[in-house]
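This document starts with one chain, in the form predicted alone, laid out as structure tokens.
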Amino acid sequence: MKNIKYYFAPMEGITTFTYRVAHAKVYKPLDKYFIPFIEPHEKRDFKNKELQEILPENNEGIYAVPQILTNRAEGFIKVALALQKLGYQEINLNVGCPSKTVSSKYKGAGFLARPQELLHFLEEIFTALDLKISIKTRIGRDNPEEFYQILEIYNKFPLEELIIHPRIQTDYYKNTPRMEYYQEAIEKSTNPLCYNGDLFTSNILQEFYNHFPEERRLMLGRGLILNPSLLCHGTKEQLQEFHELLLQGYLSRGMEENNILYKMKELWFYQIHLFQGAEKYEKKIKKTQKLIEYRRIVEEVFDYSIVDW
């Protein structure tokens, strides 16, 4: 569909800079690629792993948006200023992560349980920073009714955009997105909106377009990881090219074999479902301990037909 901006959601451990650049090279680059979240550190700016993800030279050819996870304004401001020095002009605040280890500390979607603290946090960062700030949010922590107050808070600030995953924190990724609350945002938000949640297939995307014909921003995560050509109807040959670029990218970084295998196995947890009748290979990939064996198994998987997504 024309005139829609498409964003790639961040997923820790999978959508690395190697992945993002490979995806953009094989398929048409998306409008934005969000970098998996950074947490502020008291005694240093960035861990080496974080620095590698945000270095402009490692994100060449794509529009990358760093994401920060914190509930402390001073920490957000410190990291945002460091990112601004690297040339970034847009920063995303993560109040959507449902992980229990994150939310139990009132970060990510857990921050939504403290609306007044969220309000003061936003007041501080918008006063201190001359940057575009977007927010990726869930609609509440324990109850979707929390969204009414949360949306009122967001409306007080000039967000670059408000990215809404219409689940509550305790849903994790279960149940179905609560679309009535996204409709509420369409009617009442003063900021540009972007939808995120369960956009897995071309049919589901079409249903979304039909239901929300005026929406012009979509963020996809698990759907694109499962099928990186979801938005462009790519070929099996492109998928093989993408896989090889990704593998070679990790090899060129000098990563240890077990670390490369770990990352590729995470990818195949999703991608195996692209291949008709190849589910039996999921266990084989998971058990392999050697790259040479991994390559042989994957070659066999690519002999299968791709499901029409």
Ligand SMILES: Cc1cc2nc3c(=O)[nH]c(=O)nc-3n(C[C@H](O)[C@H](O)[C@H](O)COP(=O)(O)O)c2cc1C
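Numbering starts at 1 and runs along the sequence shown. Bear in mind the structure is a predicted one, so any value in this text is a computation, not a measurement.
Below, we refer to the form predicted in complex with the ligand, which is not included among the displayed structures.
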Have a look at V102, L162, L220, I133 for me and say which one sits with a heavy atom within 4.5 Å of the ligand in the predicted complex. L220
Quick one: of E90, D198, E146, D171, which gets a non-hydrogen atom within 4.5 angstroms of the ligand in the predicted complex? D198
Look at the candidate spot formed by I14, P36 and N94 and say whether the ligand comes within 4.5 Å of a heavy atom in all three of them in the predicted complex. yes
With a 4.5 Å heavy atom cut-off, would you call Y270 a contact of the ligand in the predicted complex? yes
Give a yes/no on whether Q67 approaches the ligand to within 4.5 Å in the predicted complex, heavy atoms considered. yes
Name the stretch, out of 6-14, 20-28, 283-291, 296-304, where some heavy atom lies within 4.5 Å of the ligand in the predicted complex. 6-14
